[in-house]
Ligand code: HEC
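Taking the form predicted alone, here's one chain by itself in structure tokens.
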Amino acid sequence: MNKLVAIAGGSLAIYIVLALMMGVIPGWQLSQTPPGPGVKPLTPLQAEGREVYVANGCSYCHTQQVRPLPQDQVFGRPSAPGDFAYQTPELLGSERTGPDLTDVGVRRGSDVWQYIHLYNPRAVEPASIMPSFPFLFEIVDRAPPGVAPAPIPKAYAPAHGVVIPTRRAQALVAYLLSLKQPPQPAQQTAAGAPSATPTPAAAGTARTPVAGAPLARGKQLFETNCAACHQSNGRGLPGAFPALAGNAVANAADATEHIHIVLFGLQGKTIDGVKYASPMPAWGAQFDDRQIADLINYERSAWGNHGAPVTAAEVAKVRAAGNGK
């Protein structure tokens, strides 16, 4: 009997020690961590959306933790404890059937894209294996006043009526768009400020066709950050996101407008008779002048486009002029 009590007591003691070391103490320490610079608590709508996110199992396939590894750089900077000050319990996740969502509010910062993606992911990501969530939407004959229907591509839209987001969809999208990594002080200097005067290798030779490594870098930036909306083939989604293939701005001899749009974003522009309400993110705070030049040069040379190439020095000049539009 005494042996059984000793075994049971020893096992219980080991369990308590492990629970304290692996759960209670780390949780307490994390709760004492102050929020990082720019980290804000969720609004009521965003908090409601977080509950929708959990209820629909999004965390089973998506992480919210960026590891300090090269393969995670596409998802943002490495996560820091202060990033999770207002996100308890943390939805770090352990599976990446889908991409990490830590910075998805920047990478996919359009509510229009998010609604289309939730209604049917294949409409914007043809190879996606994510399930559709049509139950988060309603199909009505006409959208109520003040409610913008989701511009579902024709191939995926219902035969009759329009698709409008329910309250749950609006909350979920609000939460997804809140997932942004505030730049840390060292990063703000590197990415948010104008780059130093580029070396000849970084700037390239003005009006010399761009090829090789710069074009490959630009393609990677485009595929990671822009293709979801404008599509890998540059054709966009009619009524939702404009095409870049054959786009007048991407083919103009003067690239100033193109540079300005990529640096500072755009919303509400009418292109070929269609007004695009969905905002395009401003990438100037995320990328330096050389990266912006690489991205633009890819867009100006892909899909049959023939716009004049740009240099990092030209990007720096537009950045320094500021967002005057």
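In this text, all values refer to a predicted model and were calculated from it rather than measured experimentally. Numbers follow the displayed sequence, beginning with 1.
The form predicted together with heme C exists for this protein as well; it is not shown, and the discussion that follows is about that form.
**Asked** Would Gly236 count as a contact of heme C in the predicted complex, using a 4.5 angstroms cut-off between non-hydrogen atoms?
**Response** Because no heavy atom of Gly236 falls inside 4.5 Å of heme C in the predicted complex, the answer is no.
**Request:** Flag Pro151 as yes or no: does it have a non-hydrogen atom within 4.5 angstroms of any non-hydrogen atom of heme C in the predicted complex?
**Result:** Pro151: no, not in contact with heme C in the predicted complex.
**Prompt:** Taking the shortest heavy atom distance, is Pro34 within 4.5 Å of heme C in the predicted complex?
**Reply:** Outside the cut-off, so no.
**Request:** Report yes if any heavy atom of Phe241 sits within 4.5 Å of a heavy atom of heme C in the predicted complex; otherwise report no.
**Result:** Because a heavy atom of Phe241 falls inside 4.5 Å of heme C in the predicted complex, the answer is yes.
**Prompt:** Pro44, Pro68, Pro41, Gly57: which sits within 4.5 Å of heme C in the predicted complex by any heavy atom?
**Reply:** Selected option: Gly57.
**Request:** Counting non-hydrogen atoms within 4.5 angstroms of heme C in the predicted complex, say which of Ala255, Val163, Ala169, Leu176 makes the cut.
**Result:** Among Ala255, Val163, Ala169, Leu176, a heavy atom within 4.5 Å of heme C in the predicted complex occurs only for Leu176.
**Asked** If contact means any heavy atom within 4.5 Å, which of 222 to 230, 152 to 160, 139 to 147, 76 to 84 contacts heme C in the predicted complex?
**Response** Correct option: 222 to 230.
**Prompt:** What residues of 112 to 131, in sequence order, lie within 4.5 Å of heme C in the predicted complex by heavy atom?
**Reply:** Counting only heavy atoms within 4.5 Å of heme C in the predicted complex, the contacting residues of 112 to 131 are Trp113, Gln114, His117, Leu118, Pro121, Glu125, Ser128, Ile129, Met130, Pro131.
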